[in-house]
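Next up is one chain by itself, shown in structure tokens, the form predicted alone.
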Amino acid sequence: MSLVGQQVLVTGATGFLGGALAMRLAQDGVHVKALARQPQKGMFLSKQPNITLVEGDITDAERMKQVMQGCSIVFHVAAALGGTLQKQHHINVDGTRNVMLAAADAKVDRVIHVSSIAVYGYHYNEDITENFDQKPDKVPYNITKSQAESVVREIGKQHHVDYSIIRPAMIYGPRSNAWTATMFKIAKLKPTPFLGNGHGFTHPIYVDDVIDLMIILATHPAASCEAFNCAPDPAPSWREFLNGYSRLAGHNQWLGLPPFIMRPIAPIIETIFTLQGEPQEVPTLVNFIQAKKTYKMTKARELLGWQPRMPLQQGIDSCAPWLREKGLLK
């Protein structure tokens, strides 16, 4: 089945992933309703053919029912990435409930829900498949993304709404602040500082690969009511990832800092985050970045015939024009 000519809704359309998805769909001939809580942030979308920018907030249940009418597919990308548990629950859990109930009301064909590998938590030290238990622990984002998945399944079952869940890893590419701009700022330091030798595995996935899988999930029969990891398999090392950005900056110098220096400091940092209402499990993260594990893509390969295609260095190199535009790369 093709999405060409169909009307779809993209929530979170002014964000990094949602914006890239909306533009790809529109270029492919799909009619996109691009949901924006603050439409002024979506001006880069408003001049694109096949995109209609619509104002709305996923926490407004009635508005979600209005904007979803006439849509055959919903790509639910909107999410709070930070803040207190209460704030993130309101957006990530209650907002997802509104999306799913509106989808039931509009009788859409399928909802593609963007989750995260964060639902597994940080405590596994082995390769992770989709059937692993979710252990989000204390981090508000991890907790609320896991709870949002439960809402998708619950309402999907009760109201007969077809869905598919994608769990992306660290999405990088042009317009990615976290995994491109911030990583480049660290990598261009000469030498590049990092905790440890950088041989632990990391999980960068290029934005176009994520979008490719999302579109497949919208149309493939085997994706119905299933969840899929979206991560590099095999996983590269932190050193490979950061050195890719360092090469753009013209060096390959590395400064490995002994992990033990963070162990007495990490609990103090964690206490500060906790007092601010946003615990991050900093002591566990120190061990997490040293671990060698992969979020396996076997399920997507076997059921959907899909796997990530973008080579790491090629994906990093494609970020250079945007980094120059941002004034980060000369």
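We number the residues from 1 along the sequence you see. What you see is a predicted model; the values in this text were computed from it and never measured.
Below, we refer to the form predicted together with a small molecule, which is not included among the displayed structures.
Of the stretches 120 to 128, 107 to 115, 251 to 259, 238 to 246, only 107 to 115 has residues with a heavy atom within 4.5 Å of the small molecule in the model of the complex. Proximity to the small molecule in the model of the complex, defined as a heavy atom within 4.5 Å, holds among Gln66, Gln38, Thr271, Ser46 only for Gln38. Ile58 is the sole member of Met297, Leu53, Val30, Ile58 with a non-hydrogen atom within 4.5 Å of the small molecule in the model of the complex. Under a 4.5 angstroms non-hydrogen atom cutoff, the small molecule in the model of the complex lacks Tyr206 among its neighbouring residues. Interface membership of Leu25, defined by any non-hydrogen atom within 4.5 Å of the small molecule in the model of the complex, is ruled out. Using a 4.5 Å cutoff between non-hydrogen atoms, Leu17 counts as a contact of the small molecule in the model of the complex. In the model of the complex, the small molecule stays beyond 4.5 Å of every heavy atom belonging to Pro140. Not one of Phe75, Val151 and Ile155 places a heavy atom within 4.5 Å of the small molecule in the model of the complex.
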